[in-house]
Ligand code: 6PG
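Next up: a single chain in structure tokens, the form predicted alone.
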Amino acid sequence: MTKAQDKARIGLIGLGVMGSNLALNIAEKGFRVAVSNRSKDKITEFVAAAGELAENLVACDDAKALVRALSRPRAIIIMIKAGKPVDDQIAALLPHLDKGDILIDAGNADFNDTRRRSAELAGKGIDFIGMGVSGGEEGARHGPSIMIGGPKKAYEEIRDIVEAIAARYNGLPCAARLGPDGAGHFVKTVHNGIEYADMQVIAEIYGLLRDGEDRPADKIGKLFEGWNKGPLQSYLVEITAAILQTRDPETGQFIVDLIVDRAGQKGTGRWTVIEALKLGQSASAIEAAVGARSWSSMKDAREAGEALFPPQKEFAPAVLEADMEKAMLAARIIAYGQGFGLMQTASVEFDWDLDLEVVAKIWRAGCIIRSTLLDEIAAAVHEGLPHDLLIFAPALRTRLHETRGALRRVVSSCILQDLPMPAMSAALAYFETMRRGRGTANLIQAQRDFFGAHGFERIDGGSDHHGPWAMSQG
């Protein structure tokens, strides 16, 4: 029997890469943590490798032992594969829990599942928290960005632990409760969607430099290294510079040139696009990035296509490096803007009352999309967004005035050079649409009325009008 003074403050199930590093982070901050895993051998290995931190670890063979090792109210982090495995783990824990205990899903969960579980467990007296964790292996170990959704009372029980293990920005923890039920996991999903877009934009500029200008990887890496000292400063640009300058120790070639061009995805980017469409929004830059990853998996087809459709390059003006830098910044602002717009719409739809300024602030350190741009975004949200659009905020509007021409020139040049730019093209199309007061949807409305009698509004007043289409057919 575990003595009261030896009880662990929090439990964690799932000692994979993220779970094991998060457990070590918690232990290092002075909290006693009970750990368990489906594979018993993994528990033993983990504790044995923890060194001095093993003093703050309690190894538990199963759910019952884990619950018994915890002080009340019991709080348990579940960090396993999303979906049915989480439901199965909850079911295994429930017989051993009491009312007021807290379950925390820290995996990449579909926020719809989090909302469902919150409602189901609330009926049993168990508090459920959806905890989005961003920062990868390094973040989990030394300080991630943490996005919480769940009951206020439950969060207060674990707040000291969450803030202790989170990344810091100017001394402040990059962690916050953002709203009830699925709010935290939704914000994490959008974070990952923006991450997809940001990575794709970077890859498109890399493609322009590699295929359009025949530059070697290390020279491109040096260019990114320089850009990381300016307005593009960010974790993703920083690691891109490092990746491109790294050589394979066996062959001496640049490692990036040895990697097959098929990109994996775990589903969060796709979830962002699905939820955007369900909410009547269009995160087009993110959607293009998700599409590009899907196309990358079709390598055999792409190789066949290259033979079937040889290049038809036309004359294109040389692209200035300064234009590439500005184009990336413009596309990043637009992608962030679409993500923040999606979060605002979801906040209203699900009655979350998301504070988007707080979201921007907790993304400034620890997470994958951390960048200096988030300071400007946080300030812009604080001042208020005209028409709820980030791209209309004064500071970001100034940025886009300075960079939109470069975005057009880069995309235009790549089109003429037969170089694909799905994310940057999508970002440009969105921007051009949102700066045009009169678009072409009037024709679409006429078409809809012609074949389906859907009706339309007239500019001189009134709605539910119909056109004299029978006369035109006569």
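Bear in mind that the values here come from a model prediction, so they are computed numbers and not experimental data. Residue numbers run from 1 along the displayed sequence.
As for the form predicted in complex with this ligand, it is not shown, yet the points below apply to it.
Shown alone here, residue 135 lies within 4.5 Å of this ligand in the predicted bound form, counting heavy atoms only. In the predicted bound form, this ligand sits within 4.5 Å of a heavy atom of residue 188. Not displayed here, this ligand is kept clear of residue 244 by more than 4.5 Å at the level of heavy atoms in the predicted bound form. Contact between residue 293 and this ligand in the predicted bound form is found at the 4.5 Å heavy atom cutoff. Judged by heavy atoms within 4.5 Å of this ligand in the predicted bound form, the contact stretch among the candidates 70-78, 375-383, 325-333, 195-203 is 195-203. Of the listed positions (123, 252, 171, 264), a single one reaches within 4.5 angstroms of this ligand by any non-hydrogen atom in the predicted bound form, namely 264.
Checked against this ligand in the predicted bound form, the candidates 284, 118, 268, 240 yield a single residue with a heavy atom inside 4.5 Å, and that residue is 268. Using a 4.5 Å cut-off on any heavy atom, the one residue of 106-123 that reaches this ligand in the predicted bound form is 108.
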